[in-house]
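Presented as structure tokens, the chain that follows is alone, the form predicted alone.
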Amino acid sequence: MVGLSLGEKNFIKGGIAQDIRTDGRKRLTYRPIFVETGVIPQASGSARVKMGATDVIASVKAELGKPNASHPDKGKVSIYVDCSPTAEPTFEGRGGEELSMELSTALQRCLLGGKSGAGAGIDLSSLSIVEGKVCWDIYIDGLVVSSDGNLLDALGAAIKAALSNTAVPKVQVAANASLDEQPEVDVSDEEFQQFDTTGVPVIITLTKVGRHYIVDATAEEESQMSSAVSISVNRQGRICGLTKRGGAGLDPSIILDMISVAKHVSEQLINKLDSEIAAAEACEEE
């Protein structure tokens, strides 16, 4: 990104302090959101989300697998993000690799909860087919096509939209298999069931610039931040995950206030995203 002059930095900070950002938005207002579903035909589900000039794609692939011994009654979900070098010059080489790893880890924390699966925004129990024997393995891949800030929220929205677009084949399990044998399963080519996304959260990143925090920060605004806290909240208002970046420490009372703000903002974002997903799927069916 092009470096900012001292005057430009002061203009950004001054506007945020007065609740008028450089693009005319208030501190807690998102840029226009565009959603397109079914963009990758070979995937079980996929979606493209644009927030302003930030453009990301998420795809979902469902495959049969074996549950982990530590969680025999749960399926598995893995998330990986790739940052295209064409999205931002700094993504070339190690810069892109480090950001890909950072985003992948943050998405796992925000969507999959702790190591035990507690607090997960994606219900891993619903992915179990035969306890300890067969489950669904869900592979979620994110791609950053164009970067102008707020990548984590955009990727979270794209994943939610892609999961809404995901159809998982119905599975019949042979009834005559013994407890010790690997059961035979028949995967239908004709019957599918939609992935349940009622508990899947959105991610709200509150970026602290000066004494105030903003949502959906642009790349220029992010360059002036002291820290950022990303909070995943589902439709029921439950916090599914939280992650922080930036070197500056935050007082616990400020984090509690951020969580309260994130809950409030999440209602608007979920409603907007749901209407965009519904419109995108209606276009796809036409």
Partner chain sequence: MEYVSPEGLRLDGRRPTEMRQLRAEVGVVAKADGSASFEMGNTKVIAAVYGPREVQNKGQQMNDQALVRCEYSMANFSTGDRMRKPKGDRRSTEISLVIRQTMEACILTHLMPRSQIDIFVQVLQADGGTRSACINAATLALADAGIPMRDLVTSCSAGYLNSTPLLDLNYVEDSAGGPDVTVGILPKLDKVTLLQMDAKLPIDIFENVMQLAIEGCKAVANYIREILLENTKQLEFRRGV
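On a predicted model such as this, the values are computed, not experimentally measured, just so you know. Numbering follows the first chain given and starts at 1.
Not on display, but discussed next: the form predicted together with its partner chain.
- Mapping the unseen interface onto this chain, F91 counts among the residues with a heavy atom inside 4.5 Å of its partner chain in the predicted complex.
- Taking the partner from the other structure, its partner chain in the predicted complex has a heavy atom within 4.5 Å of a heavy atom of I57.
- Interface residue remark: L143 is counted as part of the site for its partner chain in the predicted complex, having a heavy atom within 4.5 Å.
- Interface membership of L151, defined by any non-hydrogen atom within 4.5 Å of its partner chain in the predicted complex, is ruled out.
- None of 163-171, 128-136, 193-201, 74-82 except one has non-hydrogen atoms within 4.5 angstroms of its partner chain in the predicted complex; the exception is 74-82.
- For the three residues Q42, A87 and S147, a heavy atom within 4.5 Å of its partner chain turns up in the predicted complex in every case.
- Proximity to its partner chain in the predicted complex, taken as a non-hydrogen atom within 4.5 angstroms, holds for one residue of L64, A219, V261, I33, which is A219.
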